[in-house]
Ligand SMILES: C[S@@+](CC[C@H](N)C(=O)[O-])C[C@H]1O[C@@H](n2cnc3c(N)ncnc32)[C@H](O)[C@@H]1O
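Next up is one chain by itself, shown in structure tokens, the form predicted alone.
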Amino acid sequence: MTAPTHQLIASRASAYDAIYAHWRSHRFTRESYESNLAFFLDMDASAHGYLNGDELRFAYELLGTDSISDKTVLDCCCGTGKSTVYLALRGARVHAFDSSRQAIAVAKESADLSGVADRVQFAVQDAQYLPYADGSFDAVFCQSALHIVIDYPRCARELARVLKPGGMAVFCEEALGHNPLLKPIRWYRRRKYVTCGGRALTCQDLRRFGAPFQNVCIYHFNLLAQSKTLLGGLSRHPWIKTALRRCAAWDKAMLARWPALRRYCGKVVVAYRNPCSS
């Protein structure tokens, strides 16, 4: 690892440590997690749901959570381990890592409280030099960290190396940098996390990161409906939810008719696949 990259990772890890120092561990069940994961536009006015539930649910579907029992999964940059615990609750054996010691401490306790500590192994490490053998994992998952690890040159090669032939790496990621109207939303969401780093990605960045894999598929979510993020909790008010449902319907029609608009969407799910062995 070059000295500048090492210093960058250490600096960002320290920034995340400061943030996660105030986080607490939680006990999860599969039912409670999936209830919280439900997309808020699919729910009635009395239920909250998750603002980004649509994209994250789709990412899990790509990952194959319905058939993930007894498979081995790597959770890249796992943070406080919500996805790690959920994948273990679905029956997977999960290895999870993050550069933040504080995040891993919270994640370990959550796994213990949730009864899956025997199915999870946590590690504090960076994404450039993974201590796993070639072809160790059936799948790789990463939530909201591609805009961070994009700055680490070896990360993609390492993930492709530890992924089995035919395996898939799925990233659930925030807005790309093509739409200038999303800059206020990005600023609003990231204003407390400036020291953690990261940058707005482009479609070219996603494809360049995927060079060590066989192919890349980019799935786009939320054009007009991305205003939900700026509205935050107000998005769940009945009349605003009605307006956002209309925006979502318009999004579906416009993105189908004019595919070029997809690059301006507010969320992406990216899937990279390793070539199958001959």
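It should be emphasised that the depicted structure is a prediction, and the values quoted were computed from it without experimental measurement. Residues carry their position along the shown sequence, with the first being 1.
Omitted from view is the form predicted in complex with this ligand, to which the following refers.
S.K.: Is it true that 82, 99 and 143, all three, sit within 4.5 Å of this ligand in the predicted complex, judged by heavy atoms?
M.R.: Yes, all three are in contact.
S.K.: Though only this chain appears here, would residue 78 touch this ligand in the predicted complex if you measure heavy atom gaps against 4.5 Å?
M.R.: Flag for residue 78 set to yes.
S.K.: Though only this chain appears here, would residue 121 touch this ligand in the predicted complex if you measure heavy atom gaps against 4.5 Å?
M.R.: Residue 121 lies outside the contact set for this ligand.
S.K.: With the cut-off set at 4.5 Å between non-hydrogen atoms, does residue 152 touch this ligand in the predicted complex?
M.R.: It does: once this ligand is placed as it appears in the predicted complex, residue 152 has a heavy atom within 4.5 Å of it.
S.K.: Give a yes/no on whether residue 125 approaches this ligand to within 4.5 Å in the predicted complex, heavy atoms considered.
M.R.: Yes, residue 125 lies within 4.5 Å of this ligand in the predicted complex.
S.K.: Could you check which residue among 156, 148, 74, 116 gets a heavy atom within 4.5 Å of this ligand in the predicted complex?
M.R.: None of the other options qualify; the answer is 148.
S.K.: For the interface check, one of 86-94, 161-169, 199-207, 125-133 should have non-hydrogen atoms within 4.5 Å of this ligand in the predicted complex; which one?
M.R.: Of the options, only 125-133 has residues within 4.5 Å of the partner.
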